[in-house]
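Just one chain is shown here, as C-alpha cells, and it is the form predicted on its own.
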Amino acid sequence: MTPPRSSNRKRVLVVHTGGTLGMAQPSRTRLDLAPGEHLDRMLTHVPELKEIAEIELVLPWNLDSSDIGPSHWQSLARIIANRAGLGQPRGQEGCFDGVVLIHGTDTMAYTASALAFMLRGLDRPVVLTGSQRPLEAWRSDARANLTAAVECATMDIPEVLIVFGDSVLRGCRSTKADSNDYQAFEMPSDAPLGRIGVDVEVDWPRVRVPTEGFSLQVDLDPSVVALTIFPGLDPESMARVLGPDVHERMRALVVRGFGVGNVPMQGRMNLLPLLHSLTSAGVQVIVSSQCHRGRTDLGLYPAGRALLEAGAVEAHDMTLEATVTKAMWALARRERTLGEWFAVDVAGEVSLGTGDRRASASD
C-alpha cells in the first residue's frame, strides 16, 4: 500500500527496468537487488533526490534494453497507469505527480515512442532516463541524468519525455545518436522541448496538452518488419527470404529509402514488383528516409510517385523508432486504416502542418 503524502513535496514513481545506470562497477553486470535495496543505493549516491520529491521505486525486471520489446512496453504502460494513478487527481492519496523510467539507452527511444502511443490523454510527465556509465563509476553521467529526470517529473509537462545530458526531449521524436557521448539522444527533425543548465528551461508553448481524458491503449500488433535499402539489394533474394506466405507473418513493411523516400526502379534492383506483390497480399508498405534529418516526399520524384501508386504510406519526418512503434499500435486499431493513422499526429511524433499542442488524432 502506498503511504500517504507526508508533505507538500511532489511524489515521483521510479520504475527501474535495468540498463547501465544500475549496473555494478567496474564489471558492468546487473545487480540483482530488491526494490528497496535499489532505492537505498540510488539515494546514497544521489541524496538530492530526497530534496526534490518523495520517491517510491518499483522493479518489474532488470534487463539489458536489447531484450526489451513489445510485451515489456505493454507491461510498463499498465504499471505506469495503475501505480501512478494516471487520469486521477495528482494530489489524491496513492497517486504520483510524475513517473521516471530508468531504462537502458540502446532501445530507450523505442520504449518512449511506444509509451507515447499507448498512454493516450497523458496528464503528467513520464520521463525516461539512463546513463552511459554506471551510477557508481567515476565521472558518471548517471547522477545528473537521474536528478534532472526526477525534477522534470515534478513539472507540468504531460508528455512522455527522454531527459538525458542537457536535453529535455519528446520521447516519440527522439533517437539515440551517439553510443559514447553524454549527449546521447537528440530530436533529429525538431528542437528539444527544453534545456538543462542552471535551471530547467522548457519551451512551454510547444508542450502538448491533453484534449481528451486518459485511456490506456496497450494493444499492439508486432508483425512489422523494417528493410534498409542499399545499392545492390536484390529484390528476388528478398522475396525468397520473405517467403510465399509473407502476408501471414507480416502486416507492415517499413522501407527505409534513399533521400526523400526513393527506391531503385531500374534493372535487377527494381523494387517495385516486390512492393506491388506485398501490397496485393495485404501487407502495408510504409516508406521512411535513411537521412538523419528531413522528411519523405514521395510526390517529388518518379520513384516516389510509383510508390504512392502502389499504395505506400509516408512516414514523413518520423524517426524509425516512432515509425515502427506507431505501425504496431495502429495495426491493432481497426477503426482506421494504417494509412489514415499515418496521416494524423497522435502524440507529437510527426510534423503535418499542425501546431504542437493539438492532439489531432482525436479530431
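Residue numbers here begin at 1 and follow the sequence given. Nothing here was measured: the structure is a model prediction, and the numbers come from that model.
The form predicted together with a small molecule exists for this protein as well; it is not shown, and the discussion that follows is about that form.
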{"property": "The small molecule in the predicted complex: contacting segment from 299-307, 63-71, 38-46, 333-341, heavy atom within 4.5 Å", "result": "63-71"}
{"property": "Residue 104, heavy atom within 4.5 angstroms of the small molecule in the predicted complex", "result": "yes"}
{"property": "Contact of residue 154 with the small molecule in the predicted complex (heavy atom, 4.5 Å)", "result": "no"}
{"property": "Proximity of residue 132 to the small molecule in the predicted complex, heavy atoms at 4.5 Å", "result": "yes"}
{"property": "Residue 348: touches the small molecule in the predicted complex, heavy atom cutoff 4.5 angstroms", "result": "no"}
